[in-house]
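Next up is one chain by itself, shown in C-alpha cells, the form predicted on its own.
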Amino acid sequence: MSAAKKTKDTLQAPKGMRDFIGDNFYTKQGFYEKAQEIAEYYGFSGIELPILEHEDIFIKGVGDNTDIVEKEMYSLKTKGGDKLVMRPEGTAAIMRSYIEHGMGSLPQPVFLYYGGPFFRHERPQKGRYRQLYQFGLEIIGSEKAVLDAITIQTGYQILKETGQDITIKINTLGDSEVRKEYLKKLKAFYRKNSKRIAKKDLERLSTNPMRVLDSKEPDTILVNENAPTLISTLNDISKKHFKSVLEYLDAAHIPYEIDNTLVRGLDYYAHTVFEYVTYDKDGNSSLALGGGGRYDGLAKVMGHTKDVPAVGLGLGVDRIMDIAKEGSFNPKIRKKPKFFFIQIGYEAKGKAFNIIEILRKKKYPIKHSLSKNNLGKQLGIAESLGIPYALIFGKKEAIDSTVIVRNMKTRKQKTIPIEELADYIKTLK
C-alpha cells in the first residue's frame, strides 16, 4: 500500500463506523432523550454498562453457535491475560450487572433501561453499522405475562415518536418442555425436506435448527411455509401466558400480527418473542426496528445458581433515525438562538465572556464569532443564520458597560446597560 493511500485511509472513519455531524448529532441525542423520558414514565430506571466485558459473558449469554460470537465480536487480550470483547449487545451484560450487584435482593421485578454504542464486525449495509447504537429495556425478576406486554407497549410508544406506522410481529416459544417436543418435530420436518433447503441452512440443522425458521434464503423460505408451528405444540401453561400477553395488547390497542416463523434460536428464551416493523407503500414489511422477548433461562446459562425470569427488548437507533420524520427527535439542549453576539476590539473581547455568562444563566442561547473583529462580517454571519437580533459590544460599550441590541430585520437598535440586558431582552418578540 502506498504511503498516500495509507494516509487517505487513516483520515477516514473505520469501515462501518461514522461521525455524527449537524442534525444527525442532535437527532440521535433527541431520540435518547425521548426514549429515556418514556421509559421513566413507564417505571424504568437508567443503568450505564461498560463498553468492554469478559468474553465469556457473551459466549454463554449469546451462544457460541451464533453469528455474533462466531464472527462478529471485536475481541482483545489484555497484558494481564484477560479476554475481553467490545459489547455486541446489552442483555447479557445487564444480567451480569443484576447478578454482580445483588439486585435480586431489591423489590422485584427490577426495571432497567440503557443505551449507547455496541460493536459487531458484520457487513455494513443500510441502517446497519459496525459501531451501532441501541436503546434497551429489561424487566428482571418476574415471570408475569403483564411484564411482556408492558415491555412491548413501552417500545411501541417510543417508536411512535418517529411519526411512522409501527406494527408488532409476535410469537410464542412456549416453555422448555414445549421446545423439546417442538424441536423433535422440526428436525424431522427438515430431514424430510433436506434436499430443498439452502446449503447454508443445512449446516445449522445440527447446531441450531430453530434459526432455519428465520432464514432469509429463498429456497428455505418456501420450505418454511409448511414447517410445523410452535403454537400447535403449546401446553396449557404456555397457552395461558401467550393469551394473557395478547389480551393486554388488545386492551391497550397495540397493533400486532402473530408470526409463526418468528423465533429465537437459544435455549434460554421462553414464551413471548416479538419484533417492531414498518411497512412500505405496497404493504410489505420493509424494516425491522428492533425486537425482544422473554429469556427466563439466561441467568443460569451464564453460571448463576438459579433461573431468573426476565423480559426485554433492543431498539436499533440507526434505523430509527433513518425512518423518523423530520423534527421527530429534537433534544432539549438544542434551542434556536435568538441572539448573535458581536464584539469589536480588544477591550470588548476581554469583557465578552461576562455578557455571554449573563445570558446563559438566564437560559438565552446565542451564536457568536469571537475570532472576528470586523462588524460587517459579523453582521453578515448573523443575517445568513437568520438570527433575529444582534448584540453589539464595542470599545465604547465596554467603557460604558452597555450593549447595543439591534433588530436584524428593521435595523432599529437600542443601547441597554449590561445590568438591564437580561430584563430587556425578555420583552423582545
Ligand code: AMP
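Start at 1 with the first residue shown and count on from there. Note that the structure is predicted; figures quoted are calculated from it, not measured.
What comes next is about the form predicted together with the ligand, which does not appear here.
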property	result
Triple contact flag 180, 187 and 259 to the ligand in the predicted complex, non-hydrogen atom at 4.5 angstroms	no
Segment assignment from 289-297, 229-237, 246-254, 338-346: heavy atom within 4.5 Å of the ligand in the predicted complex	289-297
Contact label in the predicted complex: residue 314 to the ligand, heavy atom within 4.5 Å	yes
Partner proximity in the predicted complex: residue 122 to the ligand, non-hydrogen atom cutoff 4.5 Å	yes
Residue 128, heavy atom within 4.5 angstroms of the ligand in the predicted complex	yes
Distance check, residue 214 to the ligand in the predicted complex, heavy atom within 4.5 Å	no
One residue of 264, 169, 87, 204 in contact with the ligand, assessed in the predicted complex (non-hydrogen atom, 4.5 angstroms)	264
The single option of 132, 92, 359, 110 touching the ligand in the predicted complex, heavy atom within 4.5 Å	132
Members of 318-334 lying within 4.5 angstroms of the ligand, judged by heavy atom, in the predicted complex	318, 319
